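This document starts with one chain, in the form predicted alone, laid out as structure tokens.
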């Protein structure tokens, strides 16, 4: 079987997400460490340069693909066994919702902690350069690291990290560490005793927050050593025995805290961003967790909301009723209000 090839870097949470997933699913792969700004010679370039970049096919037929969520779905169709997508409709939607939350909200915490604090920025800069190549001379690497750090710090506002929003991001991260720790203690994973795409998405952001970046890593180590240990296990689940998905009657108790956190912080962001995008605005201001939030409009995350709305509409009547009952009171139900414009 031809190995899947991918270009990525250890500092890219989405690279970590896909590597761990490939290991769990026993899909043969060839890892190419590098930068999306310098793709391997002779390989096609995707329309949007992101990490990881997957290369499907061989030779002239090789295709460059980015965006982890659709890549996961493509891998499900091309490789059998060890599925990370629940067959049950309700579970499948919850998996998509939690994966989206991790990919699009938790990454705000990752980016914030990495570049908001000087200790974390000084730690990350050299790592990001040496992850590309360990043979850079020290003086060249430091110059590159300083330049990269300046660019990233200047871009903090793009993901919503400012002095105004920092308390919202940090309070959410601290709550989330406790929530995830309790979930892991009950079943081992988000939706049962086997990992779903959502687990790999959460794991990916936490590899940076809990391992690489000093400030959030101290928070996790002090509050949730179980969750910190979970990260090392999820890195390679190739030997994990087949598990089971949660039963329908166990979902409410297991997911209540996480759904409430998603409804508390991510849903208000999604709605405000989508409305601003629909109105043609370049930036927006809203209230999240009782505090002011402002940032530039992110068109991709407007699409995320529409994807979630479409996924709910595609559910059977019974599954939609069950989902609405589960989400009622969490804040997540606001995503599906008729007045949402996007």
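Just so we're clear, the structure is a prediction, and the values are computed from it rather than from any experiment. Numbering follows the first chain given and starts at 1.
Not on display, but discussed next: the form predicted together with a small molecule.
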Find out whether any non-hydrogen atom of residue 67 is located within 4.5 angstroms of the small molecule in the predicted complex, and reply yes or no.
yes
So in the predicted complex, does any heavy atom of residue 32 sit within 4.5 Å of the small molecule?
no
Proximity of residue 311 to the small molecule in the predicted complex, heavy atoms at 4.5 Å:
no
With a 4.5 Å heavy atom cut-off, would you call residue 50 a contact of the small molecule in the predicted complex?
yes
In the predicted complex, the residue from 155, 233, 74, 182 that sits within 4.5 Å of the small molecule by heavy atoms
155
Choose one stretch from 23-31, 287-295, 271-279, 51-59: the one whose residues place a heavy atom within 4.5 angstroms of the small molecule in the predicted complex.
51-59
